[in-house]
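Before any questions on how it binds or moves, here is one chain, the form predicted on its own, in structure tokens.
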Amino acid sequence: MYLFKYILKRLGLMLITFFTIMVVCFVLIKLLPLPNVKVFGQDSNIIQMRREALGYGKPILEQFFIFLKSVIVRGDWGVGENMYFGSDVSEIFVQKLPATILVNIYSMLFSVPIGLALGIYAALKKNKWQDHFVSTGVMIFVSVPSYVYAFLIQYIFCFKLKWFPFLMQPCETLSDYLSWATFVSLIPAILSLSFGTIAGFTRYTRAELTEVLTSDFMLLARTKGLTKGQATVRHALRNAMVPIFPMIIGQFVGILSGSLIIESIFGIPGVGGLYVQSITAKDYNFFMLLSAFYIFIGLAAGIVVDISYGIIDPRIRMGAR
């Protein structure tokens, strides 16, 4: 019951926060100058009709409620003005989404097991040369931005060694995204996204597991006859994973945010690159849809992370007093 009430409360707060941020984004966008409709040539009447339907020229708040009604009732986010001229914004978004999801899933599948394994290994070898080696590498990789890795990977593996192509292979159908050639072309982007994530998981896992291994209940488990390996697997890892598993969920959002730049560098036709293009091209319809997407993902991930604590460890009761 406590968890159910907590979820309802968090959902309500999420909707209020989402609505507030969208209002701010919409108002700020409307304060910027619109591209002249005449630059669109003979098809400019399409854009003009769209703008009239959305109440352009009316007070900003009235425009927002017209925009909100259009999105909620008809699912209409408008059409592209400076990008994909005349095309439905939501259709272009759906076409771009598979590439972003694919590269981020591959990155998570690659980085999570390696990060956890290195963190566990460093914790078990605490204060030994293995621990110092891993910790030094973690500090180096955490400090370097992902786009720096991207340029190094492109230079070494794509230019010098020629193991991988510079850009992602073009895909026309869903089966193309799942092909081996597409996976190989995505490896440089996957590596660029994964280095920082692996380092973060390694550092966090080492810290949590080291603290658990020095707890009193671990000494009690050893005195009951369990070996060090048995005590670590049955008790230490189980307790250490309580704060680590929600971090895995939250890290997915972090990778999505980081892919904004990586997608542009490696030519990945995803929503991250589309978001950057919408800002530079001043296409406000694309900007509003993509802003709503990233805002919703971030807020929803926060709720999932909090709820997962209570699911992983029944001793935690979210919302209880």
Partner chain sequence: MINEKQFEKYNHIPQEKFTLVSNREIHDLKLDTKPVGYFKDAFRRFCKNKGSVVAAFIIIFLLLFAVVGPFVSKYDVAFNDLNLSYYLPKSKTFSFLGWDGYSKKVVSKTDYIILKAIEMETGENVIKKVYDSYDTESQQGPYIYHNTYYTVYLNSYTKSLMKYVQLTGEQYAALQKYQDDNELQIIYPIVSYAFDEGSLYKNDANVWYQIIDIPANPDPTKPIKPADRLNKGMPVGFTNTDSAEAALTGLQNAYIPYSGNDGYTSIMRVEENGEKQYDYARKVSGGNYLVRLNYNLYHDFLYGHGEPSFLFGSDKFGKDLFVCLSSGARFSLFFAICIAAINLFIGAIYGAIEGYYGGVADMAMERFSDILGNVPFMVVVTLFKLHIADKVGTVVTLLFAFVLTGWIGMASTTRMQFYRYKNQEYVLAARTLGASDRRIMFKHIFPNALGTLITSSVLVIPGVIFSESSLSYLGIINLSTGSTTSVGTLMATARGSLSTYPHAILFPAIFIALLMITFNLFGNGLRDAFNPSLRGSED
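What you see is a predicted model; the values in this text were computed from it and never measured. Numbering follows the first chain given and starts at 1.
One more form of this protein, predicted together with the partner chain, exists but is not displayed; see below.
- Every residue in the set I21, V148 and K282 has a non-hydrogen atom no more than 4.5 Å from the partner chain in the model of the complex.
- With the partner chain left out of view, the stretch that reaches within 4.5 Å of it through heavy atoms in the model of the complex is, among 133 to 141, 178 to 186, 79 to 87, 100 to 108, 133 to 141.
- At a distance threshold of 4.5 angstroms between non-hydrogen atoms, F64 is out of contact with the partner chain in the model of the complex.
- In the model of the complex, the partner chain sits within 4.5 Å of a heavy atom belonging to I265.
- In the model of the complex, at least one heavy atom of I261 sits within 4.5 Å of the partner chain.
- Residue contact check for L299: one or more of its heavy atoms lie within 4.5 Å of the partner chain in the model of the complex.
- Counting a residue when any of its non-hydrogen atoms is within 4.5 Å of the partner chain in the model of the complex, the hits in 289 to 303 run S291, Y294, I295, L299.
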